[in-house]
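Presented as structure tokens, the chain that follows is alone, the form predicted on its own.
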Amino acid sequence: MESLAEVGYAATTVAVVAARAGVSRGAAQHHFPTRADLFAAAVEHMTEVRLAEIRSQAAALPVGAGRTEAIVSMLADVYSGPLFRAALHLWVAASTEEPLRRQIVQLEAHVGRQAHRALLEVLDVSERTPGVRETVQGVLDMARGLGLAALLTDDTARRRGIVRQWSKILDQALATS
């Protein structure tokens, strides 16, 4: 994942990953027969690690006023971090490589469901309430968009304002749901 985030998909070969991991290329290919298998496993592992971190961080967030903004800010940080950058490199590569595309589409569906559930959990809301599913998905999509914008420039100041506004919108939407 570090290699993907740092140098992109084209430069992240099985040999490069094996060298970074301190194993032989043959050992890497024994466990991951294809490059797509290696990347899919890496994304899945890192996503599980990051979701556990989010749940842990959420437990330390303030209760009451300011909680929603802290949650949305944490989410925006996740989507502007190295894991998201690495995932973006895979998405671009998957758009033109069918075997990778099949794996990444399936993996992203799983990751998307996990992220959705995690956000429902930290917001302490039910998807059964009308409008909550769409509202939570909208927040995830917004955070992804902020992560995409952060790829080219440091937009930290602008992102803080957007997070603040989206938090207000989220609070209002969830209060009326």
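It should be emphasised that the depicted structure is a prediction, and the values quoted were computed from it without experimental measurement. Counting begins at 1, following the sequence as shown.
Only in words, not in the display: the form predicted in complex with another copy of the chain, which the text now covers.
The partner is not drawn, yet in the model of the complex one stretch among 46 to 54, 32 to 40, 117 to 125, 148 to 156 has residues with heavy atoms inside 4.5 Å of another copy of the chain: 148 to 156. Using a 4.5 angstroms threshold between heavy atoms, residue 173 counts as touching another copy of the chain in the model of the complex. Although the partner is absent here, residue 18 lies well away from another copy of the chain in the model of the complex, with no heavy atom inside 4.5 Å. Within this chain, residue 1 is remote from the site of another copy of the chain in the model of the complex, having no heavy atom within 4.5 Å.
For residue 62, no non-hydrogen atom is located within 4.5 Å of another copy of the chain in the model of the complex, even though that partner is not displayed. Although another copy of the chain is not shown here, in the model of the complex the stretch 97 to 111 places heavy atoms of 101, 104, 105 within 4.5 Å of it, in sequence order.
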